[in-house]
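For reference, the chain that follows is the form predicted alone, supplied as structure tokens.
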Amino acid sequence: MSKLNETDIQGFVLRGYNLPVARYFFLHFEDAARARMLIGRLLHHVTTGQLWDGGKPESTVNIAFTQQGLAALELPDATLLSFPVEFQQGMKKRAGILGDTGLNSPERWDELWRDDRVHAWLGINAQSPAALDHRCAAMVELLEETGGAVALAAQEAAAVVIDGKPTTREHFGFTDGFGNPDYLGVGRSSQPGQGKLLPNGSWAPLATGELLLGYADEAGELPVAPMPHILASNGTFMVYRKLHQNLATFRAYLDEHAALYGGGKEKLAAKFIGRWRDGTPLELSPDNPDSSIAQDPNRSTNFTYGADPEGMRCPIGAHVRRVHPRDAFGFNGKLIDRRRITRRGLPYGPFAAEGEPASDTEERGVIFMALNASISRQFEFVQQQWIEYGNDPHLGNDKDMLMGNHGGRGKFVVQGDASAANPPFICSKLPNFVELRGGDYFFLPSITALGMLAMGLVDPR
């Protein structure tokens, strides 16, 4: 296929910036004309997908809109109604479908997310806290000058710093950020194991239309997209979820069960996730972490589950195996090529090293953002079928060990063998290690589409 027009695509879509600090503003539009003026002024600041010749910028700016936000911009009804139904409804109304009930139900979310006032997400990523503050001050000034929007709230996020260096760890202590897919035409340093599995065992990029609107997806079809096409083209949808981590509960549960498990604490932690804490995949090194694998891009994601159908090496219900089953369901992995999502996001809240006191009441977790061309076919399917339900991997009603909404009733089976170092084991009465604190569905338009929004030129005919 021909190369993508990277200058027309928001950079947040095409590449993980890997910048250590971020602030996400949530905007509310009070007047359509002033909001359009704000978007017009923002256009010069929005970071595109163009390659950075002189190294990374000090900071980046990106913007996305909810259905309510697009309505507040006075888009024609015919356009608003042409968006996919799940986007129109928004995440809160989809709570039943997503399993966002009980501890995760909308009435327990942060106040920001309870009343549909969020119209836009303005994401600033930066190399340093000073650069972040500087860019955010400029954005706030723009909001005030134009009167284009009110900032309802701002969410801070930052890479976990260990020994003075930003890392890719999350608060439970695991190295994160291995799993993003490769897409046709999207230039990035690709790794074996990140695209789709070919019959000869090699890997190829997924179709562009699994990420971007206006391109063919893995089925050779165009994903459902708003009218006119020029509004949708080179845009995508973003799922934003604030996930609170119950760190004290996680540590206590692991300690309690590790005392009964013959393989030891670190191995049990690895069985929960499917990777050792340093990122080594269990499938490649079931008995100990191996930094030579974890740090080698040619090996760290280059594995399949087809030769481990019983879950002896990596449990069938381990987190990474559930959310990206590779070839675990047979058919050489074909069944999962249309369920892949691109993850963005950063941890938030104070880091507590192993051995340091931690409480569940502290604001701490991860800001999870998923980019996909079809929220229902990609994110919602994974959330509903693979995280909150276990039918595909033949695990019945068992939920994802890490992310599942267990409510104290869940169970997790560690398949094992006859060896003393790898015994079978069952964890019961799973609590919620992660709780949802709110979020919504956003449309991340192209630069062209942002220009149309700014000028009020959206015409569905």
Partner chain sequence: MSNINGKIYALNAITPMKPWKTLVLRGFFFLLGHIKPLQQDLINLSFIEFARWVVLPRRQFPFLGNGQVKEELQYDYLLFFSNFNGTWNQYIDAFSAVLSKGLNLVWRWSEKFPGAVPVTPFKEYIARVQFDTDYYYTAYPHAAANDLKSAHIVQASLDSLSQRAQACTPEQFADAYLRFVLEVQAHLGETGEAPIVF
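Treat the numbers as computed from the prediction; the structure is a model and nothing was measured. Numbering follows the first chain given and starts at 1.
The same protein also exists as the form predicted together with the partner chain; that form is not shown, yet it is the one meant from here on.
Heavy atom of residue 312 within 4.5 Å of the partner chain in the predicted bound form: Residue 312 belongs to the contact set for the partner chain.
Flag residue 221 as yes or no: does it have a non-hydrogen atom within 4.5 angstroms of any non-hydrogen atom of the partner chain in the predicted bound form? Output for residue 221 is yes: heavy atoms within 4.5 Å of the partner chain.
Can you work out whether residue 391 and the partner chain are in contact in the predicted bound form, taking contact to mean some heavy atom pair no more than 4.5 Å apart? Heavy-atom contact with the partner chain at 4.5 Å: present for residue 391.
Taking the shortest heavy atom distance, is residue 265 within 4.5 Å of the partner chain in the predicted bound form? Looking in the predicted bound form, residue contacts with the partner chain do not include residue 265, since no heavy atom lies within 4.5 Å.
Which among 213 to 221, 344 to 352, 268 to 276, 146 to 154 is in contact with the partner chain in the predicted bound form, heavy atoms within 4.5 angstroms? Only one stretch qualifies here: 213 to 221.
Out of 424, 40, 57, 431, which one falls within 4.5 Å of the partner chain in the predicted bound form, going by heavy atoms? That would be 424.
Which of 283, 176, 74, 380 has a heavy atom within 4.5 Å of the partner chain in the predicted bound form? So the residue touching the partner chain in the predicted bound form, by this definition, is 380.
Can all three of 97, 331 and 418 be found with a heavy atom no more than 4.5 Å from the partner chain in the predicted bound form? Checked in the predicted bound form: all three residues contact the partner chain.
Using a 4.5 Å cut-off on any heavy atom, which residues of 375 to 410 would contact the partner chain in the predicted bound form? Counting only heavy atoms within 4.5 Å of the partner chain in the predicted bound form, the contacting residues of 375 to 410 are 376, 380, 381, 384, 385, 389, 391, 392, 394, 395, 396, 397, 398.
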